[in-house]
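Encoded as structure tokens, the following chain is the form predicted on its own, with no partner shown.
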Amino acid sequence: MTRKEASSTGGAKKQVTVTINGKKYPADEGEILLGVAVREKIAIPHLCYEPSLDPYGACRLCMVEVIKDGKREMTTSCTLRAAEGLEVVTDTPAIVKYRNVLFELYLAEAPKSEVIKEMAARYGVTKTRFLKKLDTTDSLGNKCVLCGLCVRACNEIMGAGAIGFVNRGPYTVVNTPYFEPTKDCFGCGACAKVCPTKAVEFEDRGSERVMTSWSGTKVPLARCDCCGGYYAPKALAISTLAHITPSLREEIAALCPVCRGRRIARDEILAGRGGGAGSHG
């Protein structure tokens, strides 16, 4: 749990001290160690860590060595929780060797990912001994490392379940069921937002959002009654508006965010001048 998460629940977390590379840092008890490192600007490479999702150590890049009772044990820092006296080291010879092999594997798995190339280069890995996996039909552009963040965001955050893992073993990919367009997709773009390698792509074409990475799934866009522009997936816009309390007036709800803001501002000005515009809700 991060400090933000703790404050949102209204409970103050117990403060502890952790040691990273010989230096002591404050943390909340139970806080994810990788989160502490990110906050303190300590470089630990990672791909599958996303603060809005529970960590599960899929990419294995964030390995550290925990020192306890004179012994050392390797573990993922995204699943390691802060506790009083916790001591870790991030760049031991064993960690560096393990990490470099992983980078080589990822360079082979996602040969077109500039993110992987740049990250690996920062740690001295610029080439791979493994056979590169190039697929000209790959809808993710040979950039996917199968971290699963897009699948988890679609399922756990959005509750859509529009995408998942397809096939098994070396043939595993992420896509829609049977590689067909799906009606379950909201077109929200959460999958693209959490993707660490920028593999997920979509684009707005006229009245539709085309999820090019997901079998060309097409999602209708909402149109603004004022400017006429298409501004968001229609189903998502309707769902969002339904959760606003107090609800917006119908003529306000039918506008894009920009026009809606202008209309509300205008109504407020008119109401202030005694124009009788009334409440904007």
Partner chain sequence: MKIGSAADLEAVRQAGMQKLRPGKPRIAVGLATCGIAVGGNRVYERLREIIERDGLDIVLTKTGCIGYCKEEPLVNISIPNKPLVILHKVTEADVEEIVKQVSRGKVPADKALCRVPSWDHVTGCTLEYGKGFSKIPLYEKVPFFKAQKKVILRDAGLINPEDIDEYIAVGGYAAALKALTGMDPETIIKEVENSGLRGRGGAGFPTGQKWRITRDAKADKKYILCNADEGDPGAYMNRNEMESDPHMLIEGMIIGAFAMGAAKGFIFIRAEYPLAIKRLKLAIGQAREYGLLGSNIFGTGFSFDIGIATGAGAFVCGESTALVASIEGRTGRPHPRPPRLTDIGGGLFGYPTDLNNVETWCNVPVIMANGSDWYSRIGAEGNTGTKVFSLVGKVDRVGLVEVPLGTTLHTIVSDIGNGGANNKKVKAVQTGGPSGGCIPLRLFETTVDYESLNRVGSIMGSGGIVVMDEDTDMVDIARYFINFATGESCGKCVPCREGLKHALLLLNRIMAKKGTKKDIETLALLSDTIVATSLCGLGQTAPNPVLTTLAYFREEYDALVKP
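Everything quoted here is computed from the prediction, not taken from an experiment. Residue numbers count along the first chain shown, from 1.
Below: the form predicted in complex with the partner chain, not depicted.
The candidate stretches are 203-211, 176-184, 106-114, 189-197, and the one lying within 4.5 Å of the partner chain in the predicted bound form by heavy atoms is 106-114.
Using a 4.5 angstroms threshold between heavy atoms, Lys127 stays clear of the partner chain in the predicted bound form. In the predicted bound form, the partner chain lies farther than 4.5 Å from every heavy atom of Val36. Within this chain, Val219 is remote from the site of the partner chain in the predicted bound form, having no heavy atom within 4.5 Å. At a distance threshold of 4.5 angstroms between non-hydrogen atoms, Pro45 is out of contact with the partner chain in the predicted bound form. Of the residues Leu102, Met119, Leu86, Ala160, just one reaches the partner chain in the predicted bound form with a heavy atom at 4.5 Å or closer; this is Leu102.
Between the options Ala58, Leu255, Ala235, Val66, the residue in contact with the partner chain in the predicted bound form by a heavy atom within 4.5 angstroms is Ala58.
Against the partner chain in the predicted bound form, the set Tyr98, Leu146 and Gly169 is in full contact: each member has a heavy atom within 4.5 Å.
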